[in-house]
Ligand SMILES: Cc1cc2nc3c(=O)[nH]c(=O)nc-3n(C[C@H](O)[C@H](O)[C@H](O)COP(=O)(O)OP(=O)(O)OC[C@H]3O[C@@H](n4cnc5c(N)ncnc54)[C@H](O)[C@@H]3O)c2cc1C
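Okay, so here's just one chain, in structure tokens, the form predicted on its own.
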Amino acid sequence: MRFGGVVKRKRVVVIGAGAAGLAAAERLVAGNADVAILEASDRVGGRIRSLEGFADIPIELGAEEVHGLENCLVPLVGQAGAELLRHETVHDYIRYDGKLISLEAARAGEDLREAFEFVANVSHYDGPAWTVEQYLVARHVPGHAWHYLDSRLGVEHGTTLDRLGMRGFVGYERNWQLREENYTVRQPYVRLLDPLLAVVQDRIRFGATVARIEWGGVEVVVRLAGGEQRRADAVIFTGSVAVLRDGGPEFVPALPPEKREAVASIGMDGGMKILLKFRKRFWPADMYFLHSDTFLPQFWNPGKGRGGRTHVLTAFVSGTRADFLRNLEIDLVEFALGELDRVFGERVASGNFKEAYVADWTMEPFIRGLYSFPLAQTEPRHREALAAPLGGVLHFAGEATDMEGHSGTVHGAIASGRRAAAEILETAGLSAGCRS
């Protein structure tokens, strides 16, 4: 903004100190904007959170993988001094006909071969607006394939097959291929945000819950839950689609119909990780993922390749299955142990159990779920509408606003934050330099 030849610094409030918010703030600082970050919780990272002390290595409660090497997250890995570990699917197992066998061996069977072919060709789907479940029923896909796809597609997208839309895969074949090249991080995942945090650390205010955003004028008024207010030339909202859907801050004026339609048309379900620590290992030494035909469709070994000696398995459940378990009001740890006993033999898991930790992201008040996914009715225009700025002053970021096929990923969140920052800086005639 220029007044009488003097450049006035753009005042920007970033709501949320997750990956998107930190990335947006870092670019805004580079563009000489006056930036304040309001974070409702007491920590940075959003859906990135590492649990220290449970094992002799950090265990991830949220984001855990880096998908591919051609994205904006990878340079941060090097800057943070972190190390990536490649995940090979040859180290995956599946429970098949009551037996635990390698995924490579299982895919030779007709049922699993059909499941692999489905995954390979899903981006070419041109049929009706069905869920994956509807498609599998209509195509008479056999039961063994369902078990694998429950884990491989349902859990991968933070939902269940009865909620995941077929059309959401269309058009991002290249990105789907890149997401097949998965890496874990030897260090705590949140360390990858350190290069961003180093620039904006002193601009974050914790415990700042935003109650109301008034964006109808030439400036934006952000009102906090305690009554305090902040005025800004622009605001970037990075809250999850579940927060927008289920009663986040009040927007005045109300969000326009196309924005509300977008929020309702993009899925984000609840889910949880159940961490289980054991006295000794009872699973194959080379096992990373286990795709199970039990109610909990997926387990994995978070210590694989990381040098730890603690024996830990992570169970992951999402979507309607997570809701079902929560509503049963049963002991989740005992249930997960019972699932493993069924897979590996009577009481082999429960007999070796030491300790557990449950991370239920549905119950996180400022997040309320896992990450976005395509419903049957989700169309590209919905993500475009969710990402679109309003009135030249209210901007939106977060993985759900990604329009390049990277939704549901940390690098998609980072890219969205940088995109929102660029919108503001370009409006002000400023530049943040390199956007990579």
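Start at 1 and count along the sequence shown; that's the residue number. Predicted, not measured: the structure shown is a model, and the values here were computed from it.
There is another form of this protein, the form predicted in complex with this ligand, and it is not shown here; the text below is about that form.
Peer 1: Within a 4.5 Å heavy atom cut-off, is residue 239 in contact with this ligand in the predicted complex?
Peer 2: Within the cut-off, so yes.
Peer 1: My question is simply whether residue 379 lines the interface with this ligand in the predicted complex - judged by any non-hydrogen atom within 4.5 Å.
Peer 2: It does not: once this ligand is placed as it appears in the predicted complex, residue 379 has no heavy atom within 4.5 Å of it.
Peer 1: I'd like to check something about residue 80: if you look in the predicted complex, is any of its heavy atoms closer than or equal to 4.5 Å to a heavy atom of this ligand?
Peer 2: Residue-level check for residue 80: no, no contact with this ligand.
Peer 1: Check whether residue 28 has any heavy atom within 4.5 Å of a heavy atom of this ligand in the predicted complex, and answer yes or no.
Peer 2: Although this ligand is absent here, residue 28 would stay clear of it in the predicted complex, with no heavy atoms inside 4.5 Å.
Peer 1: Please name which of the stretches 380-388, 28-36, 395-403, 51-59 has residues with heavy atoms lying within 4.5 Å of this ligand in the predicted complex.
Peer 2: In the other structure, the partner sits against 395-403.
Peer 1: Can we say 96, 152 and 343 each have a non-hydrogen atom within 4.5 Å of this ligand in the predicted complex?
Peer 2: No, the whole trio is out of contact, none within 4.5 Å by any heavy atom.
Peer 1: Heavy atom within 4.5 Å of this ligand in the predicted complex: which of 333, 208, 287, 255?
Peer 2: Exactly one residue meets the criterion: 208.
Peer 1: If the cut-off is 4.5 angstroms on heavy atoms, which of these, 338, 303, 188, 249, is the one near this ligand in the predicted complex?
Peer 2: Among 338, 303, 188, 249, a heavy atom within 4.5 Å of this ligand in the predicted complex occurs only for 249.
Peer 1: Which of the residues spanning 13-50 lie within 4.5 Å of this ligand in the predicted complex, based on heavy atoms?
Peer 2: In sequence order, 15, 16, 17, 18, 19, 20, 21, 38, 39, 40, 41, 45, 46, 47, 48 come within 4.5 Å of the partner.
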